[in-house]
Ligand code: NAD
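Read the single chain below, which is given as structure tokens and is the form predicted on its own.
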């Protein structure tokens, strides 16, 4: 169905045509033979109840996975721990070499990974490729960083030359990973890469909607040289499998909702184990009056609707200077309505399906509530069952007010609201008026001004003249949330060292005993060291 097809949904009140579509695929890839093979890698005892995995693109069943139990998690932990002890003794350079080989395998096998991502998640292929890029960059980065960052580091002491001290980094042991469905490759594997090269084992519960991508990725890691058994994958409900992982792991990495993050934090705290969590967001974008309008519209459109809007760092609120608000809204409506939707597993469509009925229902609830309370749909606004069970047009709202659910609650779908503002100060105040603080964006003609605005925004990443990708792709910089958007960081040195325990090893020289000895004259000892302490103040370090 084309944008001009008379059977397409009616145009919105700006007169722009709704988002166009492309043809549906003839059949999903991969086939059941491949998914059945992958399912055999799951660390769950035979005879467990099984769950059918359906594709959001077509509603077809693409495979089945067993529903694991707490007993399965405990068995997986025991096997993982056995293998991890040997892995921790493997030289870091050899562990890093596995990541470099995995880097090549991901690029070489990208077509089958793209098929899996699309079949499980429903996203357009162009955004599935975003996951391939991330895997290659992340694997290469941590392979290069680990030998340097994990090397024992000399530290200053109170008695230089008499005490030799080095900081070491000891693997945590078993890292439990609980990953979501929206980036089935990136969010199941990227954090695991850092944990593995640091010497840990992994027990992971991939999301129940998207297990097969994770299975294939870890299979490629094993092909790259990762010891068999070092990664254990257990599928099943979060209430049982996820909870059992938290109860047995030495560290927990979670990506998902703030509500679930709070529960995980409480459970981990009871055991006094560390955890890191990237949680929800209601991410703002500020558009100043001096922007180049077409570029700003393109940037905003990608920042809002990449990955069908199903990413924690996508933009859901846009604050636009009132002098350009009308022009910006009209142009963005036209651009959004021109986005192509499609279900085929090929490059072409810009927008794919929502991942589930629950996501589609939430999208509809937010739109219907807003419209009923006076909001105006300026682009999109319609579900597209003609394309697949969970397709919905990318949608832009105007005249959104605080009593509407969409004003403060995260949609996690292709929906954004535009708000005119009187000044930059008002935009910053409104942008910060949220419990979340994950990602923000500033579109500004004057880069110096844009950076000054960015410094006033309370979020873990701020992108100037971009929506989200520049901050995410800056992999040497920490990435995570302020306020209720998360705890800890991924990426950078912090994203590696959080999977280790810092250990200080101090070696005392025999000469120190003579210098430090008080002998029989404690007063003389105190006088001598008072002089040393006064002199030490003037040393350069």
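Remember, predicted model here, so these are calculated numbers, not experimental data. Positions refer to the first chain, counted from 1.
There is another form of the same protein, the form predicted together with this ligand; it is not shown, and what comes next is about it.
Trainee: Out of 255, 200, 461, 417, which one falls within 4.5 Å of this ligand in the predicted complex, going by heavy atoms?
Mentor: When this ligand is considered in the predicted complex, the option within 4.5 Å is 255.
Trainee: Just one of 175, 438, 315, 73 has a heavy atom within 4.5 Å of this ligand in the predicted complex. Which one?
Mentor: Checked against the cut-off, the match is 438.
Trainee: Choose one stretch from 87 to 95, 383 to 391, 176 to 184, 344 to 352: the one whose residues place a heavy atom within 4.5 angstroms of this ligand in the predicted complex.
Mentor: Of the options given, it is 176 to 184.
Trainee: Could you tell me if residue 221 has a non-hydrogen atom within 4.5 Å of this ligand in the predicted complex?
Mentor: It does not: once this ligand is placed as it appears in the predicted complex, residue 221 has no heavy atom within 4.5 Å of it.
Trainee: Contact with this ligand in the predicted complex for residue 238, defined as at least one heavy atom pair within 4.5 Å: yes or no?
Mentor: Heavy-atom contact with this ligand at 4.5 Å: present for residue 238.
Trainee: Please determine whether residue 150 contacts this ligand in the predicted complex, using a 4.5 Å cut-off between heavy atoms.
Mentor: Taking the distances in the predicted complex, the answer for residue 150 is no, it never comes within 4.5 Å of this ligand.
Trainee: Please determine whether residue 278 contacts this ligand in the predicted complex, using a 4.5 Å cut-off between heavy atoms.
Mentor: Within the cut-off, so yes.
Trainee: Is it the case that 79, 193 and 251 all touch this ligand in the predicted complex, with a non-hydrogen atom of each within 4.5 angstroms?
Mentor: No, none of the three is in contact.
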